[in-house]
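Here's a solo chain for you in C-alpha cells, the form predicted alone.
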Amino acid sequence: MQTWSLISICVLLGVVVRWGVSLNSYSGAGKPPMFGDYEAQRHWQEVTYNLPIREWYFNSTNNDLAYWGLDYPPLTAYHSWLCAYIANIINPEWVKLHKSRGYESPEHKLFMRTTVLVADLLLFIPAVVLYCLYLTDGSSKKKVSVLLCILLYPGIILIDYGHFQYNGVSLGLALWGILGLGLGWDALGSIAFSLALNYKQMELYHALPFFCYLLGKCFKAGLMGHGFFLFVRIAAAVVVTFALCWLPFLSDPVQALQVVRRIFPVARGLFEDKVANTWCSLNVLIKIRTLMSSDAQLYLSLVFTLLAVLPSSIRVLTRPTFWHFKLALVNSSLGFFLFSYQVHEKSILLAALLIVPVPLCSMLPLLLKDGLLVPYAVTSTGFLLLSIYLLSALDHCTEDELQLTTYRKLFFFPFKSDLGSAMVGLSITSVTLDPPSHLPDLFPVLVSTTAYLLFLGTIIHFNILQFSGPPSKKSQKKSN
C-alpha cells in the first residue's frame, strides 16, 4: 500500500512538472510564415480532418507539402485526425482548411497541451510505472526512485510540453513493447512496438534489437519445435498490425509508395541542422557536405550505422537474454543517432528511454530558440540534484554487476565527468555571451561537438559493458 502511495505521488509530481513547463512558450510562437513544430502538429490536424485519406501525403492546392507536409507514418495521421475531430467540436476555427494556418490563441494552446498530457497519461506514464515495478531490480524504494527520475527527466518534458511534440506516444508504445518482452508476452510486445514504428519512423532506432532478440529466442527454443510456433505467432502479430495501420493505403501501390517517400525523405540530405552526431561534428573539419555527393553521403552513413549497431544486435541474437536486449536497445539507438541519415537533435530521446541521465545540453540551442531557457534551467537543475540524491552510481550498481572495473575507472567516468563540466560551461557561455560577429554559430557548434564526444564515450561504454562477460545473477533475474 505504501509503495502505491509513493507511486501516486511520483505520477502527480510528474504531471505537475509537465503542466508547469506547458505554460511556457513553444516552437515558432508568433514567428510567421513557417512558425514551428507546434504549427506543424496543428496543420496536420487541419489536413487530416478536411481532406480524404488519399490526399494526406500528396501535394495539391489544398495540401502544400512545402508547408509542414505530413511526413510521419499513418498512426500519427490517425492521431492527428482524432485530435482534429475533438478540436472541431470545441472551435472549428482551429482546424478550418487554409484559414486556420498559423492559428494561435491561449485557448488553442491549452487544447494542444492537453492532448499531449492525455497521451502521456494513457500510454507513457502507465508503461513507465509498470516497467519500474516489474522489470527494475532492487527494493520497492529503489524502484520508486527510478520511476521518479524517469518521469522527471527534462528531455522528454521540455520537447513535448515546451517545444511541442508527441514523443510520449511513440516512446510509450516502445516501452509497452519492452515491457511485453520482459514479461514473456512476446506477441503483445511485438504488437506494441509495431504500433510505435507506425507512429514514428525514428523507432527504427530500436527495431534491430527487437528483431534480433525475438529471433534469437525462436532459435533458442528450436525452430523445429516450440520456436517455430513462437516465430509464426510473432510474425502474424507484426504483419496484422502493419496491415491494419496501412490498410487505407494498400489498395493503391502509388499511395503506399508516396507514404514511404514522405516518411523517408532521403532527398533532404545527410544533415539536419547542427546535431551532436558524427557527420555534423566531422563537417567542422572536413566539409563532407561539399566534398561528397548526396548518394555518397547516404551510402557512407548506411555503412557506418551498420558497423555501429550490428555487433550489439548480433550479440543479443546469439545470447537472447533480457539483459542483453536492453543494452542492445541503448547501443542501437545511440549508433543510429551518431551515424545515421537526417538525424535531428530530438532523436537522442530514443536513447534516453533506457538510460535516463542522457545529457540534454545538446538540445540547448533548440530550447533557447524556443524561449525555454527558464524551464530548461529549472528542470535540469532539479533533475540533477534529484539524481545525485536518489541514484548515485555506487548505490545503483556494483562493480561486479558492471563487469567493467578497469574501463569504468580509467576511461568512462572521468571522460564523462570532464565533458559534462565542459557542457555546463558551454551552456552558461551560450546564454551569457554573444559569439563573434564572423562566427555566429560558434556556440551551437561547440555545444554539439562536445555533446558528440560525450555520446561517443557513452556508446563505447555500453558496448564494452555488453561484451565484457555475462551479468551477475542479480542482473539475470529478469532475463527470459
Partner chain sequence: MAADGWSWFPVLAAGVSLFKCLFISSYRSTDFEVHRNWLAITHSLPVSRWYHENSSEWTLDYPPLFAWFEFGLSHVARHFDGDMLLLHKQNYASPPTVLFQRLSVIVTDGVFILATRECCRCVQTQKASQKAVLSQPPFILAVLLLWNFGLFIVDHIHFQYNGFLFGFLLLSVAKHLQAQHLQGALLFAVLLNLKHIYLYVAPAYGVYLLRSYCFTESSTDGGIRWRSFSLLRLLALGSVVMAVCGLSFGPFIVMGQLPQVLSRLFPFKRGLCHAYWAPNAWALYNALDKVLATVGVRLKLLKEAELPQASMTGGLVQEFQHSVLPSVSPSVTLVCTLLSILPALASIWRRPRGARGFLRCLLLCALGSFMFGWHVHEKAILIAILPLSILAVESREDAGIFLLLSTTGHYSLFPLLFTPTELPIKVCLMLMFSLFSFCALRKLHSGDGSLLHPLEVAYLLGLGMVALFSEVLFPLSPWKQRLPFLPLLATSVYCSVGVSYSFLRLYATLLRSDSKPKQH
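The structure displayed is predicted, hence computed values, not measured ones. Numbering follows the first chain given and starts at 1.
Same protein, other form: the form predicted together with its partner chain, not shown, and the subject of what follows.
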query	finding
Its partner chain in the model of the complex: contacted by all of Leu6, Gly382 and Tyr389, heavy atom 4.5 Å	yes
Asn463 within 4.5 Å of its partner chain in the model of the complex, heavy atoms	no
Touches its partner chain in the model of the complex: Trp19 (any heavy atom, 4.5 Å)	yes
Heavy atom of Lys141 within 4.5 Å of its partner chain in the model of the complex	yes
Close approach of Leu223 to its partner chain in the model of the complex, 4.5 Å, heavy atom	no
Location of its partner chain contact in the model of the complex, chosen stretch of 245-253, 374-382, 331-339, 223-231 [non-hydrogen atom, 4.5 Å]	374-382
One residue of Ile86, Leu110, Val240, Val303 in contact with its partner chain, assessed in the model of the complex (non-hydrogen atom, 4.5 angstroms)	Leu110
